[in-house]
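Below you will find one chain, with nothing else, as structure tokens; this is the form predicted on its own, and questions on how it binds or moves follow later.
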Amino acid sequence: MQYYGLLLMQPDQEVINRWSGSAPFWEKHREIIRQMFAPVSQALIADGQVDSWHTVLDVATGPGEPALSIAASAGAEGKVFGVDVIPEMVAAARREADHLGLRNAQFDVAFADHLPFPADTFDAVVSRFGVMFFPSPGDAVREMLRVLKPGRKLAMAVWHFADRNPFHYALARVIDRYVESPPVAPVAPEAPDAFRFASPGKLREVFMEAGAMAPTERLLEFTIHAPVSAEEFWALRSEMSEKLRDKIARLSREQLATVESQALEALSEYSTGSGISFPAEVLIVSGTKSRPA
């Protein structure tokens, strides 16, 4: 499972431990990850109607995005808060804010259904690749609407279908040829998964049921660009993804050499003169908090 920022309403220590172990790699590769998903961050800023002087909340911020990008472009009056359930991710976000000298960014550990803010606090709430992993997305959306100011926007990004996103499948298909996965029961439609809200309309329905006004959905087609070689991208992805790390650990030395060779061959399809580029599709869902009658 890949990490994009995760908030759980009830702590699952196994999940927390898994993502805690991923935090150093997300911090190590933070600049490339920021560049890869910058188009998604910009879409959330646009659909969330974020302005430079706003107070903004980033839920499931992971190691600090898009909160840090928003804070860097905010004016002196702007303020950005980022929350996540993984303490190591929050610590990484704080370190980067200090490194960048951003005094208008604050990061805290918090759960999606229990945000530590008064009602009607924020001018915008955004969440990038987080809601797919919430045990109860509806409760989380209701809580985000609670802390949002009336008439303001909540915007979320989720992956569209897996077969439209080679960023996910290009390397996984190579590794899966050599790693036997144990039989598993069918995944429940509501189980946490990166593609839980891939079907158009599914997350928009959650927004409607949670009380968001006039929720909208749009397909964002963009390019995930990593300014690195195929070899560097292989190293990056095999560290970023907990699932890939686990599968690679089960390979023999000979299998690993074969897998790496075939992975680099698979990546050649996406190699350009300036790095690795994947076509990508994400759904941007947004809604408005109702005004008092």
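Each residue number is its position in the shown sequence, starting from 1. Computed from a prediction, not measured in an experiment: that's the story for all the values here.
One more form of this protein should be noted, the form predicted together with a small molecule, which is absent from this view; the next part is about it.
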Contact label in the model of the complex: F207 to the small molecule, heavy atom within 4.5 Å: no
Any non-hydrogen atom of L68 within 4.5 angstroms of the small molecule in the model of the complex: no
Close approach of A60 to the small molecule in the model of the complex, 4.5 Å, heavy atom: yes
Interface membership of F107, the small molecule in the model of the complex, 4.5 Å heavy atom rule: no
4.5 Å heavy atom contact with the small molecule in the model of the complex for all of W26, M89 and F111: yes
Location of the small molecule contact in the model of the complex, chosen stretch of 78 to 86, 97 to 105, 145 to 153, 213 to 221 [non-hydrogen atom, 4.5 Å]: 78 to 86
Contacting member of F167, F129, F117, F195, with respect to the small molecule in the model of the complex [4.5 Å, heavy atom]: F129
